[in-house]
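Presented as structure tokens, the chain that follows is alone, the form predicted on its own.
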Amino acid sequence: MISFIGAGPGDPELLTIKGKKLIDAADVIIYAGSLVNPEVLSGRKKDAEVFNSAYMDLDEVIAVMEKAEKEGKKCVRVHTGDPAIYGAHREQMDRLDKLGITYEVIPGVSSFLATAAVLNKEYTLPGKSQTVILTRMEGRTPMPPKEKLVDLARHHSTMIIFLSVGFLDEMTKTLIEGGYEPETPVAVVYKATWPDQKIVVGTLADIEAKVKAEGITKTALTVVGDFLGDEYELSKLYDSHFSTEFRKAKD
């Protein structure tokens, strides 16, 4: 069986216990070396074979998996964050299905969750936003027709934009065109939870200049929305005048 593992956002202590156990016991490890912190593999067996998928295409990745399976070796495929978010693991699983090779997926902490954590923010603030959109800028891979950033911006919800820091000028203009005000707060977090983490906070009007001054060009997440502000409504969940299944409202 092949184990697809979400390695988390960077801090090796944010790897799940289950994921670590599988990595440490693996005979063959294929990891996304361009993004996964190598420290995640620090507990591996001395004789484990390690492959960096940054230098491999899909056929080569599957060939390593197939060989390990035929040899009765335990193989793990380590993705950054959680593999369900821009992990491109579906195509690998489909290929394994055709080969009759079983697999499992071990979820991980996505970088968008780590970003909220290092910002000490909550994406879903009552009265501000109860919807979170995960998306990316259109680059070499086109976006589906109904998922253009300008259209998504019209919802004015919390926006989490992956693969965007290299297109900040275009991104901010598009978001403003879609309905966000120029003073809408924005945060760009570079390598959340890594030792060299950087946090840049601004607005749609000035975030590009601030990020450029910090020299950030990749490996960063952009989050946009009023959740970054200080004004919001209190949750009904802990409102003393609001009844729940477990607690009666106080007079």
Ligand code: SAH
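These figures come from a predicted structure and were not determined experimentally. The first residue of the sequence shown is number 1, and the count goes up from there.
Heads up, the form predicted in complex with this ligand isn't pictured, but that's what we're talking about next.
> Can you pick the stretch from 83-91, 175-183, 137-145, 98-106 whose heavy atoms fall within 4.5 Å of this ligand in the predicted bound form?
Replying inline: Checking each option against the 4.5 Å cut-off leaves 83-91.
- Work out which of I30, A26, V189, V224 lies within 4.5 Å of this ligand in the predicted bound form, going by heavy atoms. Looking at the other structure, the residue within range turns out to be V189.
(request) Only one of A63, V50, L35, I199 comes within 4.5 Å of this ligand in the predicted bound form by heavy atoms, so just point that one out. (result) It is L35 that has a heavy atom within 4.5 Å of the partner.
Answer for A220 alone: is it within 4.5 Å of this ligand in the predicted bound form, judged on heavy atom distances?
Yes.
Review point. So in the predicted bound form, does F162 come within 4.5 Å of this ligand, heavy atom to heavy atom?
Key: Yes - in the predicted bound form, heavy atoms of F162 and this ligand come within 4.5 Å of each other.
- request: State yes or no: in the predicted bound form, is some non-hydrogen atom of S111 no more than 4.5 angstroms from a non-hydrogen atom of this ligand?
  value: Close contact exists here: in the predicted bound form, S111 approaches this ligand to within 4.5 Å, heavy atoms only.
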